[in-house]
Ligand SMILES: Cc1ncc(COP(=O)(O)O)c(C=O)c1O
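We begin with a single chain expressed as structure tokens, specifically the form predicted on its own.
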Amino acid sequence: MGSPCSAEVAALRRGERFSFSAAAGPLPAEVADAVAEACRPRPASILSLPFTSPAFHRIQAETEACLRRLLAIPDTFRVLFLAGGASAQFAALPLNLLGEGGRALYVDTGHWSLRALAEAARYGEAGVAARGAGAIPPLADWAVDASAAYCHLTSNETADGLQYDELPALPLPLVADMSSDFLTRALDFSRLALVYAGTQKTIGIPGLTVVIVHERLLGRAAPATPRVMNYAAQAEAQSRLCTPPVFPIFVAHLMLHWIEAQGGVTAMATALARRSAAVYAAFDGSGGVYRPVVEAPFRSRVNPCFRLADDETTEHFLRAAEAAGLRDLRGHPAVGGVRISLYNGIGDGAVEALLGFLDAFARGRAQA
């Protein structure tokens, strides 16, 4: 990596700035260039492509086909491309899956799983299968009722820095919010009944949520479910019951094919493991300057989170990082601290600059 501060100094000299935002991941340069070119008005712009056109239907079909290849999605699952953010699925799930008098279970491991639980409780009975802070409870301690309509978990807690290393096998349908680790690892669909993910972190831009749902879960929606939120209705209409998010689907199309060209999900997982290992090694080698908030077996590879000695040191760190061209490292407002996001589109140069800064800052604190 060179001298302790060489990476960030070189970046400053080049005027480079790198975002580690948890809200939206960067697009690789070649994908961003292709998006920009497609927005030009000649011969026609993607920005004005009608969703009823054969051209868009081809883009959508190719996007789904690539996604199926990358994740080895079985034919028994339907892929839906829905407008809006993943938080809309917090309501859509109970509306579609609870049925008459049904009960859902939720595993509460942090900010976003708790948000999902609170929203589900507005539409029916939602209980807690397990609850953990800074760790995932052992499966043997989960209160799992096989008669429940489904069990929901958040595979990667973006705000809290906690991640499931492996999704559990349960005797009831498992639903996973994978908004922040989608396409960063392979999935075992024999354990999953439904996966949903906003695309803005790992495979695109805001405005699109992908829902992958087993056919057996379709047709259970409550009568009052809005048709645009009804999974069965959207599946029948090929996700075009209303105007779909054409532009975000196009960006996902480019991003998915980029992932495939890089070597697929295996390549994404390998790169993420390498980068996150280097980040956690920087934490461990900091002499206590950086203090991870999650127990080692459950630390997120995608969103490493840590604290410093106090709020004053945290603010000093964030100002210094900004000056070094490293942006958007502040932790979630509900959690605090510092958060690093290592989504699929981030480049090695950004990670190297970050590691150089982490080392230099820790050395500076040790000498202070």
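When you see a residue number, it is the position in the sequence shown, counting from 1. Keep in mind that this is a model prediction, so the values were computed, not measured.
Same protein, other form: the form predicted together with the named molecule, not shown, and the subject of what follows.
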Which of 68-76, 149-157, 97-105, 245-253 has heavy atoms within 4.5 Å of the named molecule in the predicted complex? 149-157
Test of understanding: in the predicted complex, would residue 192 fall inside 4.5 Å of the named molecule by heavy atoms? no
Would residue 230 show up as a contact with the named molecule in the predicted complex if we use heavy atoms at 4.5 Å? no
According to a 4.5 angstroms non-hydrogen atom cut-off, is residue 200 in contact with the named molecule in the predicted complex? yes
Is there a non-hydrogen atom of residue 85 within 4.5 angstroms of a non-hydrogen atom of the named molecule in the predicted complex? yes
Which pick from 163, 184, 179, 239 sits with a heavy atom within 4.5 Å of the named molecule in the predicted complex? 179
Name the residue from 90, 283, 123, 142 that puts a heavy atom within 4.5 Å of the named molecule in the predicted complex. 90
Pull the contact list for 114-139: residues with a heavy atom within 4.5 Å of the named molecule in the predicted complex, in sequence order. none
